[in-house]
Each structure stands twice: as structure tokens, then as C-alpha cells.
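Taking the form predicted alone, here's one chain by itself in C-alpha cells.
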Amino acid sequence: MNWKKNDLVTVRIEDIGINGEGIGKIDGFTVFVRDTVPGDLAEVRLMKLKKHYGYARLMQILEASASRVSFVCPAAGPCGGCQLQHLSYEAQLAWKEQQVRSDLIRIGGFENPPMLPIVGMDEPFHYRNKAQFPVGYDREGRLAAGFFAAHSHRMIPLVKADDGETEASEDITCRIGKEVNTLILKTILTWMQKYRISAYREETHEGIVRHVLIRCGYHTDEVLVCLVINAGKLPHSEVLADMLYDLKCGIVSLSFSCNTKRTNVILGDNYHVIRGEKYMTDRIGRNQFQISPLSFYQVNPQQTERLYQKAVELAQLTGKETVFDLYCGIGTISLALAEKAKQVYGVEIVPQAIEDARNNAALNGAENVSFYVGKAEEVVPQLYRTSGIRAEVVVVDPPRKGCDASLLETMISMQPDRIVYVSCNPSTLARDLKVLCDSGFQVESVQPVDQFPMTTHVETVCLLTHS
């Protein structure tokens, strides 16, 4: 390799990396370049060089890909939220489908995986029902809220306070978030400005308001707002409540969560209601859910309904089956399964989530569901080996790291008729499917679902049967 840092080179982009960066090769040397898409011919400046690969900065597009589109959001480049906004949505779907297929072949060893076409969205913007905005200061010292730049804690301001001195700037509405977020953030910053409520400064661990969490109900239009603060109480909170409720934008819950630790974790361990309810409500299918600031709830309700419908369809329930729903969260999939199963057992490690799940089961009159707190790899063996409960169907929806090895071993020894695997990470999905299929299961279908348009993430739901 004869190149060195700061050299200008020309590269044809051929693929996309897991963080959304374009990938090209120069005489076999791999280069990662942000803000490029497959098909682009780009002039780039080499910034960091390793033995077999390097990172470069885009200088100019010499020849634009047919799949390249303009950024819809002016903050999309520096912001870390939308890695693929400059790639046409059709190309995004094609790449995500191929990513699932490629990982199943490369990692799982499946020569010809039974793929179904990816399920995309008719309108791939403004779908997120949850956003967590850091609050801080812009370069002029003005109160602002926005998102962190990719791989950093440098805030990209979207909404700024009007301080009466600095020239007013136009606020930016996040294109994948709800439009009401901008109005709520602007009101909170105005309140902070008027009552001299300081924003948190991470470097000194000083200031009060750290983040603003906003949740919006897709079916109900209810809105929940929670301020995360570096203090034990929130001054002038009743005034803030008046200002926010006067917006008449559907707010049903205003709260604050205390987090005084030096940590990257956003929310504290609990929250305190300022006005309204402890939760907002929304629906998935026919089931209603109570969602608090601490609840895990899928951020794209439209695609979640499609994902869960597919999971229930693949479970092939007749009303006679016992079902294990592992990593069940607040019981969203459990309650969908309970409509067609004899009995459902949900398992989740987070106590608050199980409390929410039990409340949601009661709310929806589901009497054939039981929930257990604990690690799935510990609870399931106890239910199976100690209590003698065998599931004909197992539904598993693990975090990105996939299933624990001992849980896979338990599923193998239990030999359910069907396993429905819901995954948010194609590589760990492929790894786990290989383990299961090496032990007598076979993959019947693989359905990718675009749960997160404009990002590199993709959900997949698979059916495995025991041969």
C-alpha cells in the first residue's frame, strides 16, 4: 500500500457497512466513506489507515449513483439517527433483504434460505413513536435540544430557545420522529429560558435538564412527556405543566425522572408524575397497552402490527397449544398469542416490564397468560424440567446479542413443534439458527420487516420446525 493519510483518491462505492457508511475498494484495499451509497464514484480523502482497510472523508461525488437521493432533513448528514436517508427507499429495502440473506448464507451456512420479500412501509417517515432528546447549549451558548452526532456526545441542535439577543434560527423537525416533538421541545426550552432552568453539562456534571423523552400513541394520539433531570426535584414544574397542556396536542402525562449519576444511561430508576396519568395508552391489533416512561415498547407501531401478525401466523395456533414467549417485554407478543393459544408463559428479566405485562393482561382480560421475572435461560429450564411444562410453540425475541447458549440448549432438549424467532440482528439470528438446525430443526420461512426506515437496522421473523 503506497497511500498515506490525507491522500486524495477516487473510489467506486460497492456496498454499505453496518453503520451505513459506503464501502469501496482501491486495488483491493477496502475504504469506508460516510455519506456515500453503492454506485457512487467519489473523490475521498484518506483519514485513518489500517493494514487491510481505511476510513476516508467524502470530498465530492464525481458520478452519482442511480440510487442516490437528496437528504430530506438538513441535519441528516451530521446527525447519527438516519444513516441511509440519502439512499432511495427501494434501494434500502433491497439492501436490508440482501443483508439478511447474506448473513444466513455466510454465518448460518444456509445455502438457499427460504426468504420472503421484505415488508416495507408506504410512508417511511415520521414513524417513530418515541424520541429521547439531549438538552444542552449550542456554540453561541443558547439553550438547545437535538440528537447526538454519530459515535459521539456532540449534540446536533434541532430546536433552539429564542433568547431575544441571538438571531433566531429555523427549528428542524426530525423526519423520522413525530412532528409534535418540535412544538413540545420549543415550549420546554422557552420555559427553561424564562425561569433560568439550566441544561446539563456532561463535562462538569452540572445543570438540571439532561434529556426530554416524548412518546406518542399511534392509534390513540396520546402523548407522554418525561424530563430527565440531574436533581431531586424540578423547579417551576407546575408552570411547565400549564404551558405544555395549553398546547392541546394530546399530552396525557407529564413527569420527571431523576438521574444524578455520571452515566450514559438516560433514564433514572423511577419517575414522578407532575400532571396527568402515570402512563399513556396505545394499541397493537386488538390489545391495549399502558406505556410508562420506563416501558419498552416498539418504536414503529405500524410495522410492529405487521411483524406480530406474521409471528402469530407462523405460530399456527389452534387453541390447544402451550406457548413460551421469551424476552416478552411488556407482553405485546404474549397477548397477541393468547388470543389463539391455550396458555402463554411470558419471561422477561426486567421487573418493571413484567409488572407492566401483568397490568396489560388484566387490562385486556387475558386470563390464559402468566408472566415470570428472570433470565429466560434460567426460568425456562425450571418451568420445563422442574414444573414439567412443555411448550408446543416457543416464540423468542432476544436483544441484539441473540439467545444465550443455555437457552438454545433448553429449546433443543424441549423439542417444541415450532419455534418463531423474532430478531433485530441478522448476524446473531444466523448464528442461533445454525445451532438449532444442527440439532434437528429446520428453517421453513424467513420474513424481513423494515421496522426502522432510513437506518441500517432490520427485523426478521423466522419459523423453525422440528424434523
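This is a predicted model, so every value here is computed, not measured. So that there is no doubt, residue numbering starts at 1 and follows the sequence shown.
Form predicted together with S-adenosyl-L-homocysteine (SAH): not shown, discussed below.
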Wondering, does G54 line up within 4.5 Å of S-adenosyl-L-homocysteine (SAH) in the model of the complex on heavy atoms? no
Does at least one non-hydrogen atom of F296 fall within 4.5 angstroms of S-adenosyl-L-homocysteine (SAH) in the model of the complex? yes
Taking any heavy atom pair closer than or equal to 4.5 Å as contact, tell me whether G276 reaches S-adenosyl-L-homocysteine (SAH) in the model of the complex. no
Should G440 be classed as touching S-adenosyl-L-homocysteine (SAH) in the model of the complex when contacts are defined as heavy atoms within 4.5 Å? no
Tell me, out of L363, M121, V350, I107, which residue has a non-hydrogen atom within 4.5 angstroms of S-adenosyl-L-homocysteine (SAH) in the model of the complex. V350
Residue among Y327, Y89, Y271, Y127 with a heavy atom within 4.5 Å of S-adenosyl-L-homocysteine (SAH) in the model of the complex: Y327
Assert contact_stretch over 296-304, 382-390, 140-148, 71-79 against S-adenosyl-L-homocysteine (SAH) in the model of the complex, heavy atom within 4.5 Å, equals 296-304
What residues of 387-401, in sequence order, lie within 4.5 Å of S-adenosyl-L-homocysteine (SAH) in the model of the complex by heavy atom? D397, P398, P399
